[in-house]
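A single chain comes next, written as structure tokens; it is the form predicted on its own.
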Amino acid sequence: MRAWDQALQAVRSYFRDHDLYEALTPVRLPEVAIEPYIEPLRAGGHLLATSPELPMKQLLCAGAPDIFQIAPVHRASEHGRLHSEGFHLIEWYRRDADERAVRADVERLVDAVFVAFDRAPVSAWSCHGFLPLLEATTTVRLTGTEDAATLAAIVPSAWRVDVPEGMPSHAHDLYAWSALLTAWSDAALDPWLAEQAGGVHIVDYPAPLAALAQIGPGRARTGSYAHRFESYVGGIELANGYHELRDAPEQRRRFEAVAALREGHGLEPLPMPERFLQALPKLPACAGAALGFERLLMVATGAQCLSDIALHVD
């Protein structure tokens, strides 16, 4: 309890010192973001929030200032050392900002919690483009523009990125790139991350993995990439952030691709987030990030798994 209280105080102090307002949004929702391989839990005809993203963005659409939340979320069938069906996300949004601003927040927030436990801040943070890091750790060179068939012809066959029969055609590229990310993580990325002494940001994701992020020039100002990042400390993924997409037709197209992916896997359909899509044109220019609270507490205290510090039991 003392550890949780210290960490909660450090998180809230950080955001309040940086002029963000704390929000509280519902846990039980009529719609959630349709995301690859994230399965919501049902609750009385509604869904338990897999993240507070959609309602927080709707607050921004209604005129809210910069906001943060420490939100209880639920995702079905997530178990293991770093997973739980019920956990908490620290999620925040900055208006008139891009992903670099919230990436800097990740660094300062991690340090604030480390200091709360009398630990030295993270020694250094490095930033790596997705595709250059893929090549450096595997020798596989990609441009990020490959379709599913081309990707299957380039990457190792053991990675199993071939699209299975019955997968709807408009989910092919999403399936193949998602499979590549999983295979790369297991084969090379996770071992590489475990060897890094400081914090790591992976940036410039290929466009098929954009999710809810804008697409535009990458750090090198060449090519088009998703303005998305993921952040790691001690080999553990802590945060995921975006320069937020504000184009409702494009966001609908991406949700439809994930819905097709679910169909190909025989999963129950999820409702299209129509309320969110209707509000999206009013979203101000902004960036946001989500950081796993329990994972941050685990890294800060030196715990080996979430169950060592969790205040709940699945």
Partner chain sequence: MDVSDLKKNAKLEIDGAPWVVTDFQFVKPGKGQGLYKCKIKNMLTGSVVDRTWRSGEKLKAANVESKKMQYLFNSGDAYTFMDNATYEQIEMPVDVVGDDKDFLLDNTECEVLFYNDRAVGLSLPSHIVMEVVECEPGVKGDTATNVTKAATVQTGRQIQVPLFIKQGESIKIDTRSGEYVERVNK
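Since this is a predicted model, take the numbers as computed values, not measurements. Positions refer to the first chain, counted from 1.
This protein has a second form, the form predicted together with its partner chain, left out of what is shown; the following refers to that one.
- Using a 4.5 angstroms heavy atom cutoff to its partner chain in the predicted complex, none of Met56, Glu107 and His227 count as contacting.
- With the partner left out here, its partner chain still marks one of 249-257, 277-285, 35-43, 22-30 in the predicted complex; by a 4.5 Å heavy atom cut-off that stretch is 35-43.
- Only one of Ser126, Gln196, Ser185, Thr145 comes within 4.5 Å of its partner chain in the predicted complex through a heavy atom, and that residue is Ser185.
- Of the candidates Arg119, Arg160, Arg95, His170, Arg160 is the one whose heavy atoms come within 4.5 Å of its partner chain in the predicted complex; the others do not.
- When its partner chain is considered in the predicted complex, Thr138 lies well away from it, no heavy atom lying within 4.5 Å.
- The closest heavy atom approach of Asn240 to its partner chain in the predicted complex falls within 4.5 Å.
- In the predicted complex, its partner chain lies farther than 4.5 Å from every heavy atom of Gln214.
- In the predicted complex, its partner chain sits within 4.5 Å of a heavy atom of Leu181.
- Annotation for 254-278: the only interface residue with its partner chain in the predicted complex is His265 [heavy atom within 4.5 Å].
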